[in-house]
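Just the one chain here, laid out as structure tokens, in the form predicted alone.
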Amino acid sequence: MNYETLLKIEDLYVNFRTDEGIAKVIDGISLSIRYGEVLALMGETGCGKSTVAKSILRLLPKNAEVRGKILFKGTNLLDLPESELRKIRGKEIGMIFQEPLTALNPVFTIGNQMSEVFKIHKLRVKRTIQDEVIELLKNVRIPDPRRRYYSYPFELSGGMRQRVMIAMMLAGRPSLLIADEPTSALDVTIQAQILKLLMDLRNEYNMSILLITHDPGVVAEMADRVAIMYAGQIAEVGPVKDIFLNPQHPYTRGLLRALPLGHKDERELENIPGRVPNLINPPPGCRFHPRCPYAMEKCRKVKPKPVMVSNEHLVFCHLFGG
């Protein structure tokens, strides 16, 4: 791993034990995130994006089986004892979720919950913890932060609650922020404000961001690179401009034709024939092959390896000799 790499995922497999059988949710993916970079993980609902995010911090349920490596600053997070991992969660790696109301305790004030972050991680403060919390609320553009310190979560709007979650995450000055669909529960105006806030904070704190989303507009606005996921496999990864203007994988092409790319997009949207596979019994080889118009016999048997099609642009497809 070179000095520019903050996080590196190597051959990550995640299975879930269920009453129906073993669900093979993540099928040997590899990804890396550099210092200061925004990497978007994009795909349809159920493709495994959130599972990847939760694997990093080992937040998966007990029925999960995980193997592979997740290297953060050179340390394999999957090998750490829980006591050591707790020092990283919320401090060196922060995470914000789709619906902050479920992540905030309704019976405690915002100030009380944010103060706990400082106490749990034994963070140094120049002033009182209360002053530090109020300053963080101010930094995430919450109006009248001193009054909001005493507010309860239900007294805040969805956008304000998301700002609180971002402020809590900033307390530890993390190197990496995992943002799991951070704006999908918000209206368009508030969504734009939150995205701008995240980018401002990324530049101010030099954070890396792993952005989990199904929205190509969010990817185009925020990300440096994007990885396209399908049914637990990576289909394509590269600079956002390359992927959006010159998609190579048949799934990426189909996905971008099926999604609106902005308010000025007047194309007639298309759908991808077929269905997402059942991951308890996924198709062998490339998992997209049952829906792919270009599928060959090799696609049905052999999982494709990455092929470099241009600078930093990788495609996992046998059409390119992978």
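Numbering starts at 1 and runs along the sequence shown. Being a predicted model, the structure only gives us computed values, none of them experimental.
Note that the form predicted in complex with a small molecule isn't included here; everything after this is about it.
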> Taking heavy atoms only, is Cys47 within 4.5 angstroms of the small molecule in the predicted complex?
Replying inline: yes
> Can any non-hydrogen atom of Asn311 be found within 4.5 angstroms of the small molecule in the predicted complex?
Replying inline: no
>> When the contact criterion is heavy atoms within 4.5 Å, does Leu12 count as touching the small molecule in the predicted complex?
In response: no
> For Thr51, is any heavy atom within 4.5 Å of the small molecule in the predicted complex, or not?
Replying inline: yes
> Is the small molecule in the predicted complex near all of Thr18, Pro61 and Leu279, within 4.5 Å of a heavy atom of each?
Replying inline: yes
